[in-house]
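Shown here is one chain on its own, the form predicted alone, set out as structure tokens.
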Amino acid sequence: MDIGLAGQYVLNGLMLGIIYAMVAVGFTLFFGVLDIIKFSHGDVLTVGAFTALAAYAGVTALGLQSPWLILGVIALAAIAGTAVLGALIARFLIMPMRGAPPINVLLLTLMLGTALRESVRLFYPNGSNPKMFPRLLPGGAANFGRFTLRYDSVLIFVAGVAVIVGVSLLINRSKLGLAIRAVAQDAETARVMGIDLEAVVLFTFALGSALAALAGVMNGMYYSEINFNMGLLLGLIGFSAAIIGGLGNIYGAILGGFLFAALQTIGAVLLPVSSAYKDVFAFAAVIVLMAWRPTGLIAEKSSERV
């Protein structure tokens, strides 16, 4: 294979991997603190992306012209909106279900995801149609034979890595992170030790939802388009990535995100005539991996959760 073309595949895989990793980390955070799978997570991502697009329409109507300032405003709007949404979901839907069978929580979050997705489709203007996402990052690219290095892609990737590193430092190096890890290991003992369980859970759900919003915004900037059902596939991929890596382990979620992107890239290379089958190839490979290692690549230990 041409080296330039191979480099292009690698770059595309890295871009997808950082987005998938951010979604997968959210699933891991939710599972870590409450042992639940929140299947509405992908649809929260959709809400975040459309919140950013609505904020863009608002700031441009006000006459704001600086691309960097606009980007900061719409990113903050998406983060704030989905963080509040995530905290509300945890407070009024998830926490009351703590004593219920796990299947009830799965059903609840599935229905919630459908409600969020359909709300975007029905109430956002022309929500059924794909929406162009604004190009706010510097354009241009450096060409090296068949390899094209887009400047905006580099910035998106660097921002994604910075976010992942920041979350990792928060979880592992801060008092708040220590409280999250304590709740993940033994919620009742953490409560006895004086940790506010509800506050930790609300913050964790807000953090995971904010990560989903950033992933949605990054996905929109990368493809220059969003649609109301984008969270279906991204949510499924993020969940698969978390499972591959070992649900409950942040580093496993990150590894799973990049691994899934690598599988898609390999599928696109092996099936160049119809790269649309790359998702089929990736999910088939995940099935094989799960049959081989049902606990994921990084097996969960109670002391390592979250």
Partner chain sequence: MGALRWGVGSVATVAVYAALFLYAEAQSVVIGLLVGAVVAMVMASRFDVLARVGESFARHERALDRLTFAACIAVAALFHDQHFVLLMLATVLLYFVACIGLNLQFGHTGVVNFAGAAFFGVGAYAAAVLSQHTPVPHLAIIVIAGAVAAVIGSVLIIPVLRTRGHYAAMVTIAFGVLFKTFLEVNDTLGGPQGLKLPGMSVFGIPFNANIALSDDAEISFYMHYVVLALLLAAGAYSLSRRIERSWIGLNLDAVRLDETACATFGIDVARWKIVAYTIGNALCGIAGAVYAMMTGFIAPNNFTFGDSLIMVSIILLGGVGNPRGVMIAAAVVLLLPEKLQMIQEYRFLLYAVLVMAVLLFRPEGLLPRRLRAYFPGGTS
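Computed from a prediction, not measured in an experiment: that's the story for all the values here. Positions refer to the first chain, counted from 1.
Although it is not shown, the form predicted together with the partner chain is what the next lines describe.
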Quick one: find which of 73-81, 135-143, 95-103, 152-160 has residues within 4.5 Å of the partner chain in the model of the complex by heavy atom distance.
95-103
So in the model of the complex, does Phe123 come within 4.5 Å of the partner chain, heavy atom to heavy atom?
yes
Taking 4.5 angstroms as the cut-off for heavy atoms, does Leu112 touch the partner chain in the model of the complex?
yes
Is Leu14 one of the residues lying within 4.5 Å of the partner chain in the model of the complex, judged by heavy atom distances?
no
Does any heavy atom of Tyr9 come within 4.5 Å of a heavy atom of the partner chain in the model of the complex?
no
Val280, Leu64, Ala57, Leu270 - the one with a heavy atom within 4.5 Å of the partner chain in the model of the complex:
Val280
